[in-house]
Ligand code: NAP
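A single chain comes next, written as structure tokens; it is the form predicted alone.
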């Protein structure tokens, strides 16, 4: 008796997503797959139905699994979601015939250190350090131990290549191809004046580098850290060290030109 070929279908609660998930499950079952709506660690594929927010929540909720993902877009932007609902049959055909490539996606890790202890966060798109209640924040920025600037402004985004088209792009950061091994440091509303000299543009650093943000004393209890849209607050915050994570996630790509098509259709 052969082992069942299990596929996890992860959907948001949107009516269109539920309808698409039901249709998808019926077609996969007809092809001999076993569909699970509760996450199964023995699955061979995760199919996320929804928008980019649903994709991010699925990644975090299931702790960055090594089972590859593919997305069916029933949301708005859908940059992570490659498949349209009307193309489900074509997707299943290509998947069964292995007409895809598996893309490795890097995460960013943050070591968040207070005066007492350190905490650890991982992000798929970005980790943001900003002033609470929209206050201006002052930080010293270091790259591989080298002091780069005394930053003053709304905050700083540390993004992955896959996250470069998200928050980073909306504030003027550069677009980085997802498979490149880099981090991007992008300022939020930097102040550059006679008193403060903050960089006005993003900096792209090698993936082997460490980016460190050292909080000025008066900001240790008035700083927010936002990981992929979720806020975290720490008391007596001292510094945050950022590195490219050892963890990866994996995404199936069915059209090698989809990234460029997405850029054009979503942003131009």
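Quick caveat, the model's predicted, so the values are computed rather than measured. Residue numbers count along the first chain shown, from 1.
Absent from the display: the form predicted in complex with the ligand. The rest refers to it.
You can rule out all but one of 104 to 112, 194 to 202, 125 to 133, 175 to 183: in the model of the complex, only 125 to 133 has residues with a heavy atom within 4.5 Å of the ligand. Contact check at 4.5 Å (heavy atoms) against the ligand in the model of the complex: none of 137, 216 and 234 pass. When the ligand is considered in the model of the complex, residue 56 lines it closely, a heavy atom lying within 4.5 Å. Put simply, residue 98 is far from the ligand in the model of the complex: not one heavy atom of it is within 4.5 Å. With a 4.5 Å cutoff on heavy atoms, residue 151 does not count as touching the ligand in the model of the complex; it lies far away. Not displayed here, the ligand is approached by residue 79 to within 4.5 Å at the level of heavy atoms in the model of the complex.
Taking a 4.5 Å heavy atom cutoff to the ligand in the model of the complex, the one contacting residue in 229 to 266 is 229.
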